[in-house]
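One chain comes next, on its own, written out as structure tokens in the form predicted on its own.
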Amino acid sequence: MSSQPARRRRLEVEDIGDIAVVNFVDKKILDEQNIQMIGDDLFRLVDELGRRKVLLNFANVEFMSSAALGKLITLHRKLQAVQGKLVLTNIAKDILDVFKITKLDRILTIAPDEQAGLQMF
């Protein structure tokens, strides 16, 4: 048996038409290593897989550190650079409050639920 720990999936990606719908596996996105892996996986969607429409569904997420916000901004910029679009949905009230305080709600497209988010593309 290998001593290398299996890399746990942090994201589940489902394609709905030409939109990559991303669901987070973890309820808490807090530690730096997890945030780095999530960021890498999200960036790969755009950089390697050529995705232009990405919907992030936060339905499962209860807590998120500010370091994770940086990854979202980077993803948003990557998509903007290729005429793509990022939409965030189902954000818990506490996390949404942070988005409002940091004014990220003015930069990022936020929808109340996945269905509304899909219609924003």
Partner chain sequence: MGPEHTAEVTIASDLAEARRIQEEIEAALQSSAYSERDIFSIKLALEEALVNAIKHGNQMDPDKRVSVAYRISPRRFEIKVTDEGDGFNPEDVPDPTAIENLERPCGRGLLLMRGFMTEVAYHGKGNVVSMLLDKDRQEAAAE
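Residue numbers count along the first chain shown, from 1. Since the model is a prediction, treat every value here as computed from it, not as a measurement.
Not pictured, yet referred to below: the form predicted together with the partner chain.
The single contact residue among E12, D113, D18, D97, judged by any heavy atom lying within 4.5 Å of the partner chain in the predicted bound form, is D97. Contact with the partner chain in the predicted bound form, judged by any heavy atom within 4.5 Å, is made by just one of A59, A81, I73, L49: I73.
Stretch-level contact analysis of 82-90, 38-46, 51-59, 65-73 against the partner chain in the predicted bound form, using heavy atoms and a 4.5 Å limit, identifies 65-73. The shortest heavy atom separation between I107 and the partner chain in the predicted bound form is within 4.5 Å.
Contact annotation for I101: at least one heavy atom lies within 4.5 Å of the partner chain in the predicted bound form.
Contacts between stretch 30-57 and the partner chain, counted in the predicted bound form as any heavy atom lying within 4.5 Å, involve L30, D31, E32, listed in sequence order.
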